[in-house]
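Just the one chain here, the form predicted on its own, laid out as structure tokens.
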């Protein structure tokens, strides 16, 4: 129960940050895909750099998780094609929908009920991938 409260509070904080920084804004996403604004690239770039710093810190420090287990991060398997194809499919979906998975839930909580169509599509796509995962080249 304690973990659930932590995760909920982190999710609320992240949602507030998404709204205030306009990450969930369709207009900002539209600008990004037309290369008209640096706003989203700056946010994404900052997240990548911060993620690299946090991962390095976790590997070096030997810090433990909330249950007392040492955090270990397994390296990703190499493969150029799968990451390029996955990135293209993700980017096309993002461009067509005007929202990526995280901000979709923020938009729903902000009262944009029409986003339920996109959430249903994302859940359906995830389900289809889960069913076809073993048959796809990885």
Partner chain sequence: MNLMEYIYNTWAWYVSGPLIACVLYFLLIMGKKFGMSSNLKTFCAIGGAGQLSNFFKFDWKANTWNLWVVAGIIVGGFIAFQFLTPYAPQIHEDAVMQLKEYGINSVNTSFLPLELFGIENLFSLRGLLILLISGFLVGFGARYAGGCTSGHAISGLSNIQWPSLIAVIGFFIGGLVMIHLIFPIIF
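Numbering follows the first chain given and starts at 1. Remember, predicted model here, so these are calculated numbers, not experimental data. Rigid core (definition): largest C-alpha set, two forms, superposition within 1.5 Å.
A second form of this protein, the form predicted together with the partner chain, is not displayed here; the remarks below concern that form.
Undergrad: Spell out, yes or no, whether the shortest heavy atom distance between residue 86 and the partner chain in the predicted complex is within 4.5 Å.
TA: Output for residue 86 is yes: heavy atoms within 4.5 Å of the partner chain.
Undergrad: Is residue 42 one of the residues lying within 4.5 Å of the partner chain in the predicted complex, judged by heavy atom distances?
TA: Looking in the predicted complex, residue contacts with the partner chain include residue 42, since a heavy atom lies within 4.5 Å.
Undergrad: Taking any heavy atom pair closer than or equal to 4.5 Å as contact, tell me whether residue 62 reaches the partner chain in the predicted complex.
TA: Judged by the heavy-atom cut-off of 4.5 Å, residue 62 is well away from the partner chain in the predicted complex.
Undergrad: Any residue of 103 to 123 with a heavy atom within 4.5 Å of the partner chain in the predicted complex counts; write them all down in order.
TA: Going through 103 to 123 in order - heavy atoms within 4.5 Å of the partner chain in the predicted complex - the hits are 104, 105, 106, 107, 108, 109, 110, 112, 113, 114, 115, 117, 118, 121, 122, 123.
Undergrad: Once the core is aligned, please say if the CA of residue 11 is shifted by at least 2 angstroms between this form and the one not shown.
TA: Result for residue 11: no, shift under 2 Å.
Undergrad: If you line up the core, does residue 62 shift 2 angstroms or more at its C-alpha between this form and the one not shown?
TA: No.
Undergrad: Spell out whether the Cα of residue 90 moves at least 2 Å between this form and the one not shown when the two forms are superposed on their rigid core.
TA: Yes; residue 90 is a residue whose C-alpha shifts (by 2 Å or more) between this form and the one not shown when the cores are overlaid.
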